[in-house]
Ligand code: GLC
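To begin, one chain is listed below as structure tokens, in the form predicted on its own.
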């Protein structure tokens, strides 16, 4: 099959979160399975753009309401990512460094979708599947079916994958003029709560809707930022498929970011060496258990409770634990962590920002990973941690409860709790400190989790079944 993935992110081109990781890996493994998978995304001005070779594949023009624009499609020349990568350039809209965060994001991503569909409609052939990811591409299924200029695409099946339903791309109906000539009788296919809602439109118009874990699929029917009734109504065409991780990138035996490699056979020794290097860099004690948090410092991740939870745990363990934070987001949370560095020197440190190299070293050197998320559609961090023998401490939500089994259960290897609260996090850290002192149990848990298969191969098979059912 020829599968066209359309996304706002793709690692290592441009990434803000798990969406980028998924779109950077799924097409690669689909190609390995014998399919022809391609990725189409905006041409941001990123380091990847300037460091690689490109060829011009297509030049065209389209309109965003009364504004007519030219667009250019360029293709990465060497297939270095394992799949064909196409970037859409629109001067004045997509030629920026950041992915999101601009006042005209609605215009930027609407124009990107229009250009993408316009380009596909010019092909002599038709792809087998157009696979759209999150609200930035949610209007594509509508355009393919109900825009007159793109009528030749209306029989091409579409799949819409929701990576995070909290963000929906809302637009006022005054911006309906952006959409190329469309069937006005189909207004309801874009509407939700008297707004154009690209995420809702993707759910309504796509041939099939997937989410990135089984539990998240269920959660959307009672917690989806206003779309609960829609997911209940459309549940018949929705399916949860758990994300995988790229075992070629995330492998402690040959990770390019690690100076000390290890496998399941020598996990204790290997992790200790990485931990010692990490603790030396951040003035922590390598003899104490090391807890880390890696991710965005935002409410969805429950980052707001972490400063108090960490301080409480330092007090309750009498300083018998280390904490290291890597992330950015809420400026107040960032400030709190920065203020904690000096008073808790030797027990706590924080790096505000994102560092790919450091994140790999932290997974390799940490004993425990904290994920108290309020919302976690799938979560990849806990799978990375498990691959590196780091015990995940997670709230029972979304993909976290689908991938982590509490150590109190048979064959359990992680720590789970129910509430995104200071008490629950503090209590779970206490459980972790106790199990850390049992070296035999820690070794058993580490070896068990490192051998769990979260690779993309099995996930690819599930997507193939979804695609085949739409033929």
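Positions refer to the first chain, counted from 1. Here the structure is a predicted model, which is why all the values come from computation and not from measurement.
Same protein, other form: the form predicted in complex with ligand GLC, not shown, and the subject of what follows.
Taking 395, 275, 301, 136 one by one, only a single residue has any non-hydrogen atom within 4.5 Å of ligand GLC in the predicted complex, and it is 301. Note on the partner interface in the predicted complex: the residue among 296, 261, 235, 175 having a heavy atom within 4.5 angstroms of ligand GLC is 296. With the partner omitted here, the stretch from 316-324, 91-99, 159-167, 105-113 that lies within 4.5 Å of ligand GLC by heavy atoms in the predicted complex is 159-167. Among residues of the shown chain, residue 212 is one whose heavy atoms approach ligand GLC to within 4.5 Å in the predicted complex. Using a 4.5 angstroms threshold between heavy atoms, residue 450 stays clear of ligand GLC in the predicted complex.
The shortest heavy atom separation between residue 377 and ligand GLC in the predicted complex is within 4.5 Å.
For residue 22, a non-hydrogen atom is located within 4.5 Å of ligand GLC in the predicted complex, even though that partner is not displayed. Taking a 4.5 Å heavy atom cutoff to ligand GLC in the predicted complex, none of the residues in 59-97 make contact.
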